[in-house]
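First comes one chain, alone, set out as structure tokens in the form predicted alone.
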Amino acid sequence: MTERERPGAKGIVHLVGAGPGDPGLLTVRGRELLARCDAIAADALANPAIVSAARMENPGVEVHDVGKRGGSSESASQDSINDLLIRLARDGKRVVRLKGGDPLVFGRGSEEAQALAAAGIAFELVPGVTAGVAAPAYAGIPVTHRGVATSVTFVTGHEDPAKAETQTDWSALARTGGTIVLYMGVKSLPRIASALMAGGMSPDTPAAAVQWGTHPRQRTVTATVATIADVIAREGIGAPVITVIGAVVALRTELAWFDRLPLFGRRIVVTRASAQATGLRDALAALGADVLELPALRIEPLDAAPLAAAVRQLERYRWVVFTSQNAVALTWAALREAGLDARALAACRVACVGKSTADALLAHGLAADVVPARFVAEAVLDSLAARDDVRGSRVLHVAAAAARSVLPDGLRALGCAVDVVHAYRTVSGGDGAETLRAALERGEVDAATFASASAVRGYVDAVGPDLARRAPAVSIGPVTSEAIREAGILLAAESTAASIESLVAAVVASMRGAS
């Protein structure tokens, strides 16, 4: 941390490139600044998911929407943006000015830096991945390639060749022989293409347009410089668009990868408690899915005293049973509060329902002794009953308040003394429900994923029973599948194992069947 970032220091503005859309392309420096800034001033082209993630990691941050939207009256003027940045910094705040792509590539970041310098405000320029490189790359088009193009020129498409004051020598560009990358400029493209051909460019020169580059909704069309404007109009391609002109476009046939991912163009709903959604969301997004998050559950810890008392007396128990990641997390919090760690469980055997729960336990340095293949309490009970060190033992069962009694009842039938500690409860959370309802109404959801029966109930509560039936479901196991059927939702697939990996595989399999 530099001196100007220390608490109590004067305000500073960080002009941060958010990248072209894929949140994974945000730089490490940008992520660090978003995690500890006081205010964010975000562009319209900065992916809202980046801001949402920053809000989760940095709950107190204030967010200002200062996006420019193609001349819309709702757009913030550049002067008002400059004034906002100066005011926030003079209030002593650490400000992230989040700009789509790179702030210094057709992003007016240098103009904002000039205004800050004139006002005596400290600032930092944090480059980002520019759309002119990233969008073609995600379309399988390298902007340079040995033996094909040894130069690339980035040009704003807002430059109209028909205007006398144009700063671009289109005839010179036509003769360079390298790649031309146009930022925006769909409206000007017919005149730009004509100017390039008038300057000597062959009408057969390959061209491509990439809309929403690096986003799951990315669309790419290819043509020639003579026909690209017509193809864009026919296919309904609109802003934001990157247009690539040059021989490198022909390499897309070999190098296209993003739009060949198994879930590309599919919109998948994740309905897990918000703290647990990240792994599933990231795994689906890595396969090209457009992920809509509905944290159908919120984890609400209950009175901590019973669990605290239990962890201080772990020597009384032969077995400890965890039926969820939440139970593991809350137990470990209780251990740390009592000044204990994994060694406190050294004399105990541990059983987990499912691989995800076992993985959560292993993250704390402890491997589970029993992890049944099926993600149900009955499978845990069967596995324990088959052992010779369970009958008649004392068992600690850490569970949710509404958990089924199958496991404790079955253990008692084996002669075990079972202490059930209800450490938390799950409650429905409707965050994101409005966006999801609209997508369901438009038929834009391909599948919804469920990792528990309670997530099914939370989903139905959030969107309503009728809309809940508009998209098929993918389930993590038989108990969840039964809840899906009871809700009248079509079950498209069920995981073969109780893990995120298996759930993702089931989604992929169901989409193959639907295509």
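Start at 1 with the first residue shown and count on from there. What you see is a predicted model; the values in this text were computed from it and never measured.
A second form of this protein, the form predicted together with a small molecule, is not displayed here; the remarks below concern that form.
Contact check for F154, L189 and V244: none of the three has a heavy atom within 4.5 Å of the small molecule in the predicted complex.
Interface residue among I299, L261, L314, V105, judged by heavy atoms within 4.5 Å of the small molecule in the predicted complex: V105.
Residue A135 is the only one of C352, V96, V249, A135 with a heavy atom lying within 4.5 Å of the small molecule in the predicted complex. Screening 209 to 217, 415 to 423, 318 to 326, 225 to 233 for residues having heavy atoms within 4.5 Å of the small molecule in the predicted complex returns a single hit, 209 to 217.
Proximity of L45 to the small molecule in the predicted complex falls within the 4.5 Å heavy atom cutoff. By the criterion of a heavy atom within 4.5 Å, G288 is excluded from the residues contacting the small molecule in the predicted complex.
Among residues of the shown chain, W170 is not one whose heavy atoms approach the small molecule to within 4.5 Å in the predicted complex. Put simply, A76 is far from the small molecule in the predicted complex: not one heavy atom of it is within 4.5 Å.
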